[in-house]
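Starting off, we have a lone chain in the form predicted on its own, written out as structure tokens.
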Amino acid sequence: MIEEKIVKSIKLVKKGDQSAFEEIVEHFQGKVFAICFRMVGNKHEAEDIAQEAFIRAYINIQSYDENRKFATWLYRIATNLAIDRMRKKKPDYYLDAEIQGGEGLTLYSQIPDDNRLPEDEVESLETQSYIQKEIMALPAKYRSIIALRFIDELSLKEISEILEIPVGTVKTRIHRGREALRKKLRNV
């Protein structure tokens, strides 16, 4: 049902209806941001990359093949932009970095809780922070695969299409990335 609505919106955009693209952005913005954030580890950069991905999708909407999933096409744009950004620039800071003048506060501490006990929240934040740091330390080819597979829960075929690599290579990189993470996270 949602996919049909997206296809309708895409057809309207191709006919020149700019407002129809708003529905597309509303539907995909969370997922696109999540993909970008998991790859670059910086909220502001992820927002910039996600916005650029939507701009590129809008500009290039005529080249979108309606026989393929729109989500895969859009995620490929976002992933490629994030990979380009990672190649050009090393991250300035991680979410576990202290905020200046924040007396030990980190960006993780600014994320709202879900009514958990403070000690559980602290432990969870420390674990998340450590895992995010270790994911960010992986080589880019493993980092993008880990993010797409385990955080965004995409299929092997979807990842293959997004990254434009064979499914066998996706499987190998998932295995190697997972093994690298497992070694780093033994103490968690």
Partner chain sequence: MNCNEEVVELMHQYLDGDLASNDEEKLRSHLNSCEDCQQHFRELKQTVALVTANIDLQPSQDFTMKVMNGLPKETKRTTVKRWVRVHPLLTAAAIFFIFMSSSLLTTWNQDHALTYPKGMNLVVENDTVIVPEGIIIHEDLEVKNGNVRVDGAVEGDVIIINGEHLTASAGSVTGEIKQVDEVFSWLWYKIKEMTAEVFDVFDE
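Between two forms, the rigid core is the largest collection of C-alphas that superpose within 1.5 Å. On a predicted model such as this, the values are computed, not experimentally measured, just so you know. Positions refer to the first chain, counted from 1.
Keep in mind the form predicted together with its partner chain is missing from the figure; the text below concerns it.
Contact with its partner chain in the model of the complex, defined as a heavy atom within 4.5 Å, holds for exactly one of K43, K133, K69, K141, namely K43.
In the model of the complex, every residue of the candidate spot (E26, R182 and L185) has a heavy atom lying within 4.5 Å of its partner chain. A residue is said to contact a partner when one of its heavy atoms sits within 4.5 Å of a partner heavy atom; G16 meets this definition for its partner chain in the model of the complex. Using a 4.5 angstroms threshold between heavy atoms, A50 counts as touching its partner chain in the model of the complex. Shown alone here, L163 lies farther than 4.5 Å from its partner chain in the model of the complex, counting heavy atoms only. Proximity of K11 to its partner chain in the model of the complex: non-hydrogen atoms within 4.5 Å are absent; the residue sits far from the partner. In the model of the complex, Y58, I59 are the residues of 57-87 with at least one heavy atom within 4.5 Å of its partner chain, listed from first to last. With the core held fixed, the Cα of A180 is displaced between this form and the one not shown by 2 Å or more.
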